[in-house]
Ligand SMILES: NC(=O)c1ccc[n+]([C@@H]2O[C@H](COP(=O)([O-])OP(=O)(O)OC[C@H]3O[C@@H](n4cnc5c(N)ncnc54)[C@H](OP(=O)(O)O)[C@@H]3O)[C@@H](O)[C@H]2O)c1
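Given next, in C-alpha cells, is a single chain: the form predicted alone.
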C-alpha cells in the first residue's frame, strides 16, 4: 500500500491532519488549551504529516491563527489546504457564503491569517444541508473560483460536499484536484465516486473519517480491532487507506495521545479476510 498520493502539483503523505478540532466546542471559539493545540500541530509535522486541512471559518479564524503561530515559517513540503463557501453567525451556526465576493473574501482571509501569498489548494465547499450534498448547478461558484485562480490567489481548486454530477459539471470548467466529501466505514454513498476519481488520479479526502460528531460504533468493528491489537478507530482509518489509493485522510484531534493513535493507523496492515469483514460492516 503506497503511503503518498498527488494533491495538485505536490506529493503528500496519505495520513494528514484536519485542524477543525483545534477550535473550541462545536468548532466555535478558542480552544481550552491553546498551548496544547500548538504542541499537537508541531508534533504532527515532526512526525511527517505534510498535508493540513483547515478553514478560516473554523472558530472562526481560530485554527488558522493557531496554525500560523505553531508552524510559520512553514516547512517547504507542507501543503495547507483550506475551504471557502461558508461562514458562522454569532451563535456558531454554519451558514452559506457562496456569492463571488464572499468566496474571494474567504480566500483573502485565509491568506492573511495563514501569512501566505497564495493557497496551494482551496476547496469550494457547497453548503446546503451542512454535511450532505444536494443537487443543483454550481457553475456560478466554480466560475468565481476560476477567477481567483487567474488572479493568482490559489493554485488549485477542489470541491467539498458535492454530488458526482456537480463534480462532473465543475470538471468541464476547470481542473479539479480533489473532492472532500463525507465518507467512512459506515457511510459509503460515495463509493462509485471514490473509484472513478481513483481511475483519474484525483484525490478523495473523506471528511468525518471516524464518524464526525458521532464516532463510529460497531460491535463487529470492536471485535476485529481486538484481534488486530488496535483500536476500533485505528481500524476504521486503516480501512479507508486500503479502500482506494487516492484516499487522503485528515483525522483531527487536539489530543497528543489521539494524534499518535491516528498516525499509527497508517502502519496497520489488513488482510483480505479482514477487509472483507470490514466491508460487511457497512452493508449490515
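Residue numbers count along the first chain shown, from 1. These numbers come from a predicted model, not from an experiment.
Another form, the form predicted in complex with the named molecule, is not on view; read the next lines as being about it.
Contact check for residue 59: every heavy atom lies farther than 4.5 Å from the named molecule in the predicted bound form. Remark: residue 86 does not count among the residues lining the named molecule in the predicted bound form, judged by a heavy atom distance of 4.5 Å or less. In the predicted bound form, no heavy atom of residue 167 sits within 4.5 Å of the named molecule. A residue is said to contact a partner when one of its heavy atoms sits within 4.5 Å of a partner heavy atom; residue 233 meets this definition for the named molecule in the predicted bound form. Stretch 254-262 is the answer when you ask which of 64-72, 254-262, 221-229, 41-49 has residues with heavy atoms within 4.5 Å of the named molecule in the predicted bound form. Of the listed positions (158, 133, 209, 106), a single one reaches within 4.5 angstroms of the named molecule by any non-hydrogen atom in the predicted bound form, namely 209. Contacts of stretch 162-180 with the named molecule in the predicted bound form, defined by any heavy atom lying within 4.5 Å, are made by 180 alone.
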